[in-house]
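Take a look at this one chain, the form predicted on its own, written out in structure tokens.
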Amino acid sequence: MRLIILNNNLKEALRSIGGGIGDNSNLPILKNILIKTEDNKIIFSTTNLELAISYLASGKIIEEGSLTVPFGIFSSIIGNLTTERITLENKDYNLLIKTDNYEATVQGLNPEDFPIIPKINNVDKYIKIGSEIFKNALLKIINSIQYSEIRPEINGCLFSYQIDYLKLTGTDSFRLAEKNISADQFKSNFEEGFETILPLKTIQEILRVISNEGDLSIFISQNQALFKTNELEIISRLIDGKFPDYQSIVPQDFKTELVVNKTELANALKLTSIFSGRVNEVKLKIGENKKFLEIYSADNALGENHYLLPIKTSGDNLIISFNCKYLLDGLKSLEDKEVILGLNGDNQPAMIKSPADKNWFYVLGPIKS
């Protein structure tokens, strides 16, 4: 193998695939990057056996071939090179890196020892969607997902495809977020609906490396998913299990509903949470004067504070406690100036909604007294 590639192209390739590096002491080759040429393309790949990322870079291929080298040292060298053109050459399983004023040899391994990058068998069925639309939808629900060793079925996002919509849902059992994407925002030739669970790590990589420009093609098989752009391919195992049946906990109506400025609410929560203690508890109170929401927290060792916020409200008076961090996570998903908060007493789940986006909601359980 011998090729010439521009510095910026190589750095972008390494940035894109770095998240696929594995950390398995029994398989040290997972810390390597595979470099190969195929059909006049330069392909850089990494895998941790659960997730594989490949980047197709442009360059001048002088001699076809392949090689695998440690990602860490290779990335460190390239990250510090400033010359525009870089030559990569394979010599007896070692990688020779050359520029006008620099030369290095990195010990590599036989590329046949590198794990096989899996392929999706059925690429005839697809979903094509704007990358920015899909990423924005993931951003709306990712704050509700946390890794759990006890319940692997909630270690990702429910990807529910139906003919007339695509629904993404995340939960960590304390809060839940759902985002619907209507059929006029994507194209698909799947003839029937299906559900699967995308791992959190895969979601994080999509958000990290997929550009907001252009379209994203999604291919789903029985146990794998492929996310593909012109330059990038992310192929991931799917989570085996049944996502929780959450519809019964989603409130359909509310005894109390209030509208408040999102930025002011977020600032009030950050300020009052200084006294919230280890459990991050803040209390929200709507009293007789329904023009204001009182937010307060107290700690025996720290003190207490109160904050009054102007609101528009209807319904019953109440006092309800929340984990401040979880409440703020819901607000982070909003792009609107105002937020709607629906409540059903101090022991029932609350809902954060957007006045402008009817296809998203965030459900949060209170801290019960």
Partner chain sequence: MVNANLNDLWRGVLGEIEIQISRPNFLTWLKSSRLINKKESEGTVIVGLPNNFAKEWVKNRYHKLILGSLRNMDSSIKVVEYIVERQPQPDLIKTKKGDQPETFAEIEKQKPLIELKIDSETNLNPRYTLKSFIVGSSNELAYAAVTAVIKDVGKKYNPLFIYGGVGLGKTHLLQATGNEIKSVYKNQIKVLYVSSEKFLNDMLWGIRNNKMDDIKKRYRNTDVLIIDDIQFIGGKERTEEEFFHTFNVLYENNKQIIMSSDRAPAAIPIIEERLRSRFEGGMIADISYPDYETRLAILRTKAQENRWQIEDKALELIANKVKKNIRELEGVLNKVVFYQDIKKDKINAQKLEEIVNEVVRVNTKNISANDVIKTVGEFFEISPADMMAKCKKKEVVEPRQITMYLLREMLNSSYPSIGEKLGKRDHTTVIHACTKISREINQNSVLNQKIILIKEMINKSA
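The shown structure was predicted, so the numbers you read here are calculated from the model rather than taken from an experiment. Positions refer to the first chain, counted from 1.
What comes next is about the form predicted together with its partner chain, which is not displayed.
Heavy atoms within 4.5 Å of its partner chain in the predicted complex belong, among the stretches 70 to 78, 98 to 106, 113 to 121, 131 to 139, to residues of 113 to 121.
Three-residue candidate spot I62, K167 and D215; no residue lies within 4.5 angstroms of its partner chain in the predicted complex by any non-hydrogen atom. Looking at D240, you'd find a heavy atom of it within 4.5 angstroms of its partner chain in the predicted complex.
Of the heavy atoms in T313, none are within 4.5 Å of its partner chain in the predicted complex. For the chain shown alone, D336 is not a contact residue for its partner chain in the predicted complex, no non-hydrogen atom being within 4.5 angstroms. A residue is said to contact a partner when one of its heavy atoms sits within 4.5 Å of a partner heavy atom; T87 fails this definition for its partner chain in the predicted complex, lying far away. Taking a 4.5 Å heavy atom cutoff to its partner chain in the predicted complex, the contact residue among L51, I340, I43, L309 is L51. This chain is drawn without its partner chain; in the predicted complex, the residue among V259, L271, V279, L207 with a heavy atom within 4.5 Å of it is V279. Counting a residue when any of its non-hydrogen atoms is within 4.5 Å of its partner chain in the predicted complex, the hits in 1 to 39 run D23, N24, N26, L27.
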